[in-house]
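The chain below stands alone and is given in structure tokens; this is the form predicted on its own.
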Amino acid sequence: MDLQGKVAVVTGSGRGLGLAYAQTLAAAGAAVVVNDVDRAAVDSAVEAIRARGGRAAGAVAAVGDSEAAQRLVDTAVEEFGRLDVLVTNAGILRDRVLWKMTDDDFDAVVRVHLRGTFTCARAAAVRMREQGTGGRLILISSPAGQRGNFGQTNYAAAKAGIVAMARTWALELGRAGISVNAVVPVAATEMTKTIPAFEPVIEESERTGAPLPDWLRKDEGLGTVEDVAGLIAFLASDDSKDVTGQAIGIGGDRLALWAHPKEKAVAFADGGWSADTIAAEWSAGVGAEPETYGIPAPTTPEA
């Protein structure tokens, strides 16, 4: 994948998935602005990219505010002359069940994930429209946003909102040649290590250097952070110019296209529906095959 001449901003790219995205984009030829709240992580990532012959600059900022978003765009323009790609990866977790989640827990996660995606995308879109040569907005979502997840009211809501924004912005920015897609990644990170079914397998792989087993890479679609980064490079490239408004999943050996929400079953009643007629018809009608909810529990070969 040739990204020579392109300039990308990757939020939350000091470590983990974001770092893999930044390194892969740089290896393909893009100049990259590395962003994180941790200056040491930013400096380390920039140094590593440059040591491999890539071009990189750092920007320490907590995404959420419009000022921080503008600083990232300005850094790209000042350091490399333009902006072609934005990857909104920055995020935090404050997991708690509904009755224990505080206002601060909710607001902090929504601020970084949802508002941070909005402010960064808006600043990037303004710049890309001014340049007049199109661009790529790549918004990082999550399976939790597609299906819900226990203890993640704030995170799931934000990640679902990100997919909705991707579809909306694909409509609004199409005439400017700016594609917008949501990526739904699954990878072995510090967060997924906390899942009991995954923890020992991931730790064994890290300890021995052995690849993750097929059941994990294929059935669960979970691999390394590097497994996810190829999709980011593709969506940043000219090869993906006609791909927009999509939610695309990737992890391990699996690449998937998530369906847009749609009506699954429809029924009609002359004059409309009362509560009584809904109750009478529900189980044999539109409610006969209710949808599942929640991320399915991992199924190991032993199970």
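All values derive from a computational prediction rather than experimental measurement. Quick note: we count residues from 1 along the sequence shown, nothing fancier.
Quick note: we don't show the form predicted together with a small molecule, though the next part is all about it.
When you look in the predicted complex, the only residue of A62, L255, I278, V243 with a non-hydrogen atom within 4.5 Å of the small molecule is A62. Interface residue among A121, L231, V112, L173 relative to the small molecule in the predicted complex, by the heavy atom within 4.5 Å criterion: V112. Stretch-level contact analysis of 134-142, 210-218, 73-81, 96-104 against the small molecule in the predicted complex, using heavy atoms and a 4.5 Å limit, identifies 134-142. For the marked spot (T24, G54 and D227), a heavy atom within 4.5 Å of the small molecule in the predicted complex is absent from each of the three residues. With a 4.5 Å cutoff on heavy atoms, V126 does not count as touching the small molecule in the predicted complex; it lies far away. Under a 4.5 angstroms non-hydrogen atom cutoff, the small molecule in the predicted complex has G16 among its neighbouring residues. Using a 4.5 angstroms limit between non-hydrogen atoms, N89 touches the small molecule in the predicted complex. In the predicted complex, the small molecule sits within 4.5 Å of a heavy atom belonging to Y155.
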